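Shown next as structure tokens: one chain only, the form predicted on its own.
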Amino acid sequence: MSGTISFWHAYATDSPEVKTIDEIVIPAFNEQYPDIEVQALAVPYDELRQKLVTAAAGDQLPDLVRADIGWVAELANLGVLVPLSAEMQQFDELASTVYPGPLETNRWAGEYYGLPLSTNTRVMLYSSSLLGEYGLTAPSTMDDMNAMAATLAEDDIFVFADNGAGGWNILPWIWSAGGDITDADVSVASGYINSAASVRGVEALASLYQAGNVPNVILGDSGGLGPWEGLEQRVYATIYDGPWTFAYFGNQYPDFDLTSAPLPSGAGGSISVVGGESIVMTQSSGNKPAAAAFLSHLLSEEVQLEMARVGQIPVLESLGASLVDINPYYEHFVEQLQTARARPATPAWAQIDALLQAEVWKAIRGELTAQEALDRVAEGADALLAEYR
């Protein structure tokens, strides 16, 4: 087997992830396949989806893409992905080794268009020494969060920071309040995203912002401190984020006492959002056998363990028991994944996500009530979902 394959991903260049791909993962593949050249390209996450959509229109996609799990159905619906369950010889063998939940995020119209590559979720992250100075511990309920906000406000410390209000950010607030997004068939949003419980979730965040306990960065204010920088500077007390944060802080702020805890519980429990990436093969690939070989390599125990060491939670069930041994900070992520939920699998999700953020921002700013904002989301989402029934 020989030739060249291209691989686009969004591994972080400011963490050890890209170095591990370039200096360990690809060289290990070339030990077995010395005549296959892998051209890996790191694309910033915020730019990757649009780059993929643009490349798809021009039939310029790479052979393989590490895609957010929320993009697979959209790309499959565009007809640019290979249905791996129908066309990849090794699919059944590989699918049998991964967690069923992440695998299902790759299913669209009766076929699987990708295989999970990594999984993750958001937990609460904070400095235990900062909270300790005020006699506080990580809030376990929303009532605790509100009480903490009042204490920290005396010294101009924001109780919580986030960098947006899209699904990745706001769904934990909605689900933990007992709300939902759509029905089980992902066919309608009215009655779910604008239910009383969903409204309470948005109100909880909006009230913290309007009381001055959440900074403007949640509204996309690029001039303010980002969540990581504000946490490190002890201006923000808590943030929600994924396991890669530990790798970043270990690299950039090695003396910071980054600590984790499950998200505060509401009426619906402590419910976070499942994230992660899948590996997909494109119809544009001119060397599908070589692409399949590298795809299989990425799902080997050897590679999954290497990436686990730099903050990427493996998807292989065989490695589940050893995760905390690999990185002790995985403990709360593994716990949070037990109740975390996935975003609705629909080609319309990117549009719904943008609509959700735009309307929730209005509720946060006080321009609309949470009910008014989510009623607008429900109406728009219903129309988008109807296109795929």
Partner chain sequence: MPGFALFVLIMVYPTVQAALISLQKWAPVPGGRSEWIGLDNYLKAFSDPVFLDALVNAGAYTVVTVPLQMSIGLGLALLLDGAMPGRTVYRVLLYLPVVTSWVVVSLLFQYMFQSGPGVANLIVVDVLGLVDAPVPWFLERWTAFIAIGALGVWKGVGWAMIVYLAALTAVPRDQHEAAALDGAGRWGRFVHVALPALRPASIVISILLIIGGFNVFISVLLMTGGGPANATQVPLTYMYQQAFEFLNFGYGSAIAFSLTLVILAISAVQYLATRERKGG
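We call the rigid core the largest set of C-alpha positions that still match within 1.5 Å between the two forms. The shown structure was predicted, so the numbers you read here are calculated from the model rather than taken from an experiment. Numbering follows the first chain given and starts at 1.
Keep in mind the form predicted together with the partner chain is missing from the figure; the text below concerns it.
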Proximity to the partner chain in the model of the complex (heavy atom, within 4.5 Å), stretch among 93-101, 137-145, 245-253, 212-220:
212-220
Residues Val53, Leu78 and Trp361 are flagged as a possible site; in the model of the complex, is every one of them within 4.5 Å of the partner chain by some non-hydrogen atom?
yes
Residue contact check: Leu337 to the partner chain in the model of the complex, 4.5 Å heavy atom:
no
At the 4.5 Å heavy atom threshold, is Ala42 in contact with the partner chain in the model of the complex?
no
If we define contact as a non-hydrogen atom of the residue within 4.5 angstroms of the partner, is Ile326 a contact of the partner chain in the model of the complex?
no
So in the model of the complex, does any heavy atom of Ala350 sit within 4.5 Å of the partner chain?
yes
Counting any non-hydrogen atom inside 4.5 Å, which residue from Gly164, Gly275, Gly224, Pro262 sits next to the partner chain in the model of the complex?
Gly224
In the model of the complex, the residue from Glu331, Asp59, Asp35, Glu47 with a non-hydrogen atom within 4.5 Å of the partner chain is Asp59
Partner contacts in the model of the complex for 301-339 (non-hydrogen atom within 4.5 angstroms of the partner chain):
none
Superposing on the rigid core, do we see a C-alpha displacement of 2 Å or more at Lys51 between this form and the one not shown?
yes
Kindly check if the Cα atom of Pro254 is displaced 2 angstroms or more between this form and the one not shown relative to the superposed rigid core.
no
